[in-house]
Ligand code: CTP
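Next up: a single chain in structure tokens, the form predicted alone.
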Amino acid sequence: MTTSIIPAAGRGTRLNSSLPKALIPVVGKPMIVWTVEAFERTPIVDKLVLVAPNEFISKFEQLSRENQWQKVAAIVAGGSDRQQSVWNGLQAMPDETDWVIVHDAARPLVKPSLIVAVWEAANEIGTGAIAALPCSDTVKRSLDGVLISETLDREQIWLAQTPQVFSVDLLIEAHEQAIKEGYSATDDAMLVERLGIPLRLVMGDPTNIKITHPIDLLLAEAIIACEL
């Protein structure tokens, strides 16, 4: 069984909205609806666990009913950060889960074909895989945000996206180790990497953008308009 965890508990403060990020409309539909619909259409996905802001769980349940989502197994409250939210989602997975897909609700333009490609790569290597894009810009490193300390080789730099797919036991072990050591990461691949486990890179999609700032909403709507 493959279960997808969709962390959707972000507050969206950088979008200047009183709504949680996942409920902000994109072309007339809450962001979370676009995201869930992509997973509902993906054949290899069996179940979904949505991680929502605690005070908006009832709204997520309402959306699930209204949109007749068939794969949603649980809607649980998020934690203090993304890592804690994913951990909460892991606790709510069906026991039969073999593979876990973690995908941010803030990437609502994900395509089922990318989800399948990352899942297939994870199965081939037996550990996990992530979507990522090669870096096309020159990358500067700074220690203080003022002066350049070095220029990194962009040929070795990849920009991580979600979906990220992992063997369920491996991801749980990685989270448990991070909790034990008080380690915080910005994505789940970082936690698995700390175990010394190899992960596969899969070519991501430039349109699979993460909505963080107001201009990202405009870009997402433009992409949708081009694809309709």
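Source: prediction; values computed, not measured. So that there is no doubt, residue numbering starts at 1 and follows the sequence shown.
This protein has a second form, the form predicted together with cytidine-5'-triphosphate (CTP), left out of what is shown; the following refers to that one.
Contact check for residue 79: a non-hydrogen atom falls within 4.5 Å of cytidine-5'-triphosphate (CTP) in the predicted bound form.
Among heavy atoms of residue 204, none comes within 4.5 Å of cytidine-5'-triphosphate (CTP) in the predicted bound form.
Residue 85 belongs to the set of residues with a heavy atom inside 4.5 Å of cytidine-5'-triphosphate (CTP) in the predicted bound form.
In the predicted bound form, cytidine-5'-triphosphate (CTP) stays beyond 4.5 Å of every heavy atom belonging to residue 110.
Screening 100, 122, 106, 131 for any heavy atom within 4.5 Å of cytidine-5'-triphosphate (CTP) in the predicted bound form leaves a single hit, 106. The partner is not shown here, but in the predicted bound form the stretch 5 to 41 reaches within 4.5 angstroms of cytidine-5'-triphosphate (CTP) through a heavy atom at 7, 8, 9, 10, 11, 12, 13, 14, 21.
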